[in-house]
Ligand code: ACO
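Shown next as structure tokens: one chain only, the form predicted alone.
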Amino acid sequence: MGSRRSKIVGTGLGYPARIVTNDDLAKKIDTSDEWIRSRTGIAQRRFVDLENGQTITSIAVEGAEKALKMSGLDPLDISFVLCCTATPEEWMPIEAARIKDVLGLERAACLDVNAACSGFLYGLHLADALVKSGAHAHILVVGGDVFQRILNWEDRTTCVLFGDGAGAAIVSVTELNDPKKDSHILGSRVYAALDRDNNLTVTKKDPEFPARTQLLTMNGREVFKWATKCMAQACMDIMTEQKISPEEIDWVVPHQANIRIIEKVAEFLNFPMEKVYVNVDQWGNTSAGTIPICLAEMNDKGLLKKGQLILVTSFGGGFTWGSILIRW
């Protein structure tokens, strides 16, 4: 009899309605397509249509429905919902409860996780532990953000980086008999450090109107240094822990912040870019949505094959970062 482990049995993503190109942004701020592409690798991003009622909940539900359908599970099988977001519709009710309500997951407990861009990675870390402990058998993990709500459109170096998006995964119990063949989450490493200098934070321009004036600010140079170093180290840590060599990795799925960070992490780890999945050009930085969107896209494209080793890594505000190794 094998040991109790967890595996991903379904993925899905939610599509914001609006596609916004670099040329579209150039009509409202002092920038250009060439300036954005050369510095970030981004060609376009998606935004939810707030004016017509699209929200973080609606795109999260879309991704969750697809993941649930792929898993073949009944909604009543889901006993926990983890929603990883820094931009819920409201602080209460929590976002996970909204998702549960729409999907009819009557037996599910709910929890929101805010680890900024590392949110989904933290969510998988928690789901894996909850499943292995025996507390839960099937968990819905959603990651996504609607960052357009907190972007400072007067800061052209930051506002062009972000988009909205959400993705989801179903994490289910499995019996592990052959670690070299059986699908399972091998292990995860998560880390955090206080960003004492507020290199990546949300500030309030006017304390009298905090709900309307929370704006994202970022010191790009410092975040670049932290992100590249921490993501690379987290990947090395998990490979060492699991006794896996870089040559054995089939895909690296990094947080999609910008192409320069992705390329630098690959360089540190000596991974060829052919093994690194990149979609930042089409989505921008969707924060907690980047990893589940990548996994869902790769799954839909048939890029993820049974038995492959997938190395996931992320970095977010706080600071938070980590890595996960998955046998698909």
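The shown structure was predicted, so the numbers you read here are calculated from the model rather than taken from an experiment. Residue positions are given as counts along the sequence shown, with the first one as 1.
Beyond the structure shown, there is the form predicted in complex with the named molecule, which is absent from this document and is the topic of what follows.
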At 4.5 Å between heavy atoms, is Gly317 in contact with the named molecule in the predicted bound form? yes
Does the named molecule come within 4.5 Å of any heavy atom of Ala96 in the predicted bound form? no
Give a yes or no for Trp35: in the predicted bound form, does one of its heavy atoms lie within 4.5 Å of a heavy atom belonging to the named molecule? yes
Heavy atom to heavy atom, is Trp153 within 4.5 Å of the named molecule in the predicted bound form? no
Just one of Gly187, Pro246, Gly220, Pro179 has a heavy atom within 4.5 angstroms of the named molecule in the predicted bound form, so which one? Gly220
Only one of Arg39, Lys69, Lys275, Lys264 gets a heavy atom within 4.5 Å of the named molecule in the predicted bound form. Which one? Arg39
With the partner left out here, if you bring back the named molecule in the predicted bound form, are Thr57, Ala168 and Thr313 all within 4.5 Å of it by some heavy atom? no
Note: the named molecule not shown here; in the predicted bound form, the stretch from 84 to 92, 133 to 141, 233 to 241, 254 to 262 having heavy atoms within 4.5 Å of it is 254 to 262
Which residues in 156 to 175 have a heavy atom within 4.5 Å of the named molecule in the predicted bound form? Arg156, Thr157, Val160, Leu161
